[in-house]
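For this one, two forms of the same chain are given in structure tokens, first as structure 1 and then as structure 2.
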Structure 1
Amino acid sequence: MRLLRLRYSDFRNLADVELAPSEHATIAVGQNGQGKTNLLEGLFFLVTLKPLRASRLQELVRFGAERARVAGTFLLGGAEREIAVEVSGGLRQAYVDGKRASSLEEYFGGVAVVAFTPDDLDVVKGGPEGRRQFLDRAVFNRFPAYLRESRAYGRALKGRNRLLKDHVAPDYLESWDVTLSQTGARLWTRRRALLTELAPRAVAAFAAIGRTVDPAAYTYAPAHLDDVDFQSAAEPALARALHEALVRRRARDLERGFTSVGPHADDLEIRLGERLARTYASQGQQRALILGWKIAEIENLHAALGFLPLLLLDDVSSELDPERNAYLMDYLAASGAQTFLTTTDAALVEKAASADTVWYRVVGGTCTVEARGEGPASG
């Protein structure tokens, strides 16, 4: 997979921007608020149909414009394909080669993206919700069916919460408990499958980044499960276990009006040695733990899909200490992946650049190509 051309129309502050990215690194340099992140966000949205930053879809449309559009021409398996996405009136529509894509899956066939933003760096010390989202993004990248499966779970969960509030007859609630446990068990097996693939790679990547003696550990195990070994249980056994937990906690759930057990209430546990990284790791170590995870995600997708995902790094270098940044830049240069970086200071990302790097300067929503050499000097 390779992105050949990218065009933004009225996407955030990008009125009309066309990029011809490098086969390897493409670097956008600019001050804050000029539109660098919007370039990455547009690409991320094109490939995942989800906004990179939490926001309503309509916010993606440039102020005063009717619709936003991002279109990319990809080289997929030797053929040029144009995929595009439009946002208008709070709705999005995807197109493949100019034709409406009727299902999301049709659209996600051959492209994958791993994004790395300053928000990710706070995941270790933040709340469980942030870690779940972080984990789910990786699961979705690896297993596209997860999108639909997690929607089904969300719907079952909302339904059960409503029934809890309405205090319906036990038989009626029971039917929702079973549905919730079946859809929930599917999410559990997906998350477990991802962790099985990813965790060893992330541990190795963290060790390679260096400077910490203690090994990293990334584990996922649901809370409130009795009598079942989460790591080895088959999906039906997990569904039964979740169902039992729902029944056990029903009185408490009825009292509080929401469901207290299930994939929506779990946490991705990140440890350094024996201790929880959330409380014991330094800021530098926390960021290295995330960096290790992201590198693992890239390598895992490469192994699973047979091609490297697109890598998007939004001003990450300024948040990493010099040595860890150097490790990341070396890694990117050596990976051979098609990479998009933004920075306020070109010097921070120079090591990721090579002779074929394309440098853009971003000012007030416009992008201009800069000859190599001018970029770093003016940063």
Structure 2
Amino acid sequence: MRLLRLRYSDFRNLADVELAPSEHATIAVGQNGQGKTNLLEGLFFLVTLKPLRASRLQELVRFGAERARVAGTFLLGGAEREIAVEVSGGLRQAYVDGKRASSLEEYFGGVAVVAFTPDDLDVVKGGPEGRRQFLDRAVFNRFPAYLRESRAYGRALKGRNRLLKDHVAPDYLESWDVTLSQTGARLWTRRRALLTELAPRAVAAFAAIGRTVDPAAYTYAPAHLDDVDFQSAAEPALARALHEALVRRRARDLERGFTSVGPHADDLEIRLGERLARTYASQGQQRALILGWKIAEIENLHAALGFLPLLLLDDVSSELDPERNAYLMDYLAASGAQTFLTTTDAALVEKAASADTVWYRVVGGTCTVEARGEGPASG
């Protein structure tokens, strides 16, 4: 997989931008607020159909414009294919080679991306919601059908919560409980499968960069499940266990007006040794735990899909200590992956560059190529 061309039309502050990325590293340099992150967000949105930052799709449309569009031409198995996504009126539409995508499987076939942002570095010390989103992004990268499956669960959750807020009789919740338990069990099996593959790789990666004798641990086990072994139970058994938990907690949920058990209420537990990393690990160790996870995600996708994903790093180097940043840049340079980096200081990412690296200067939503001999200046 290789991205050959990329074009943005009215995406965020990018009115009309076209990029010809390097086969290896493409680096965007500029001051904060000029549009560097928008370049990466657009590419992430193109490949995943999910916003990297926005809470509403309409936020992706440039002010005063009617629609936003991002299109990319990929080389897949020796043939070129264009995928594109448009946002208008708060809705998205995906295209493959100029025609509306007939299915998510058709759209996602052969492409994958791993994004690494400064927000990711705060996941360990943050709240459960951030860790769930962090986990789900990795699950989706590995299992693209997870996008459709999580939407189905979200619809069922929204419907049940609406009834809870209306304080309906408990029996009226039964049909929603059945749907929620079935869709929830599917999400649980996806998350469990991802952790089974990825966690050992993340533990090994952290061991190389953590600078501590304490081993890392990344675990996931839903709360409030009785009489079922989450790690070994089949999906139907998980669905029954979730249904029983929903029934058991109906009175509590009706009193409080929201559903208190299910994938939406779980947490990804990250430990250092025997203790929770969010309370015990230093800031450097917390960031090394996330760095280890990202490296594991890259390697796991490579092993599972047979090709390296696109790598997006949004000004991460400025948040890492020099030793860990050097480790990351060396890893990127050696990986052979097609990588997109943004930075305010070109010196921080020099080690990821090669002879064919394309450097862009980003100012006010415009991107201009800088010849390497000009020496991209610090922003």
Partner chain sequence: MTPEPLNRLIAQLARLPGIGEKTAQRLAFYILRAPPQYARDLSQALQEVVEKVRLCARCFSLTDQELCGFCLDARRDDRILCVVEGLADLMAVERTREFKGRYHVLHGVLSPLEGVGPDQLRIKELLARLEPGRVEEVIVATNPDVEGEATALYLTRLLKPMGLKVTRIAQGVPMGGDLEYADQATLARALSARREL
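Quick caveat: nothing in here was measured; it's all calculated off a predicted structure. Under this definition, the rigid core comprises the largest set of C-alpha atoms superposing within 1.5 Å between the forms. Structure 1's sequence is the ruler for residue numbers, which start at 1.
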Check against labels, form predicted on its own ends up as structure 2
When the two forms are laid on each other by their rigid core, does residue 169 show a Cα shift of 2 Å or more between structures 1 and 2? yes
Please determine whether the C-alpha atom of residue 67 is displaced by 2 Å or more between structures 1 and 2 following superposition on the rigid core. yes
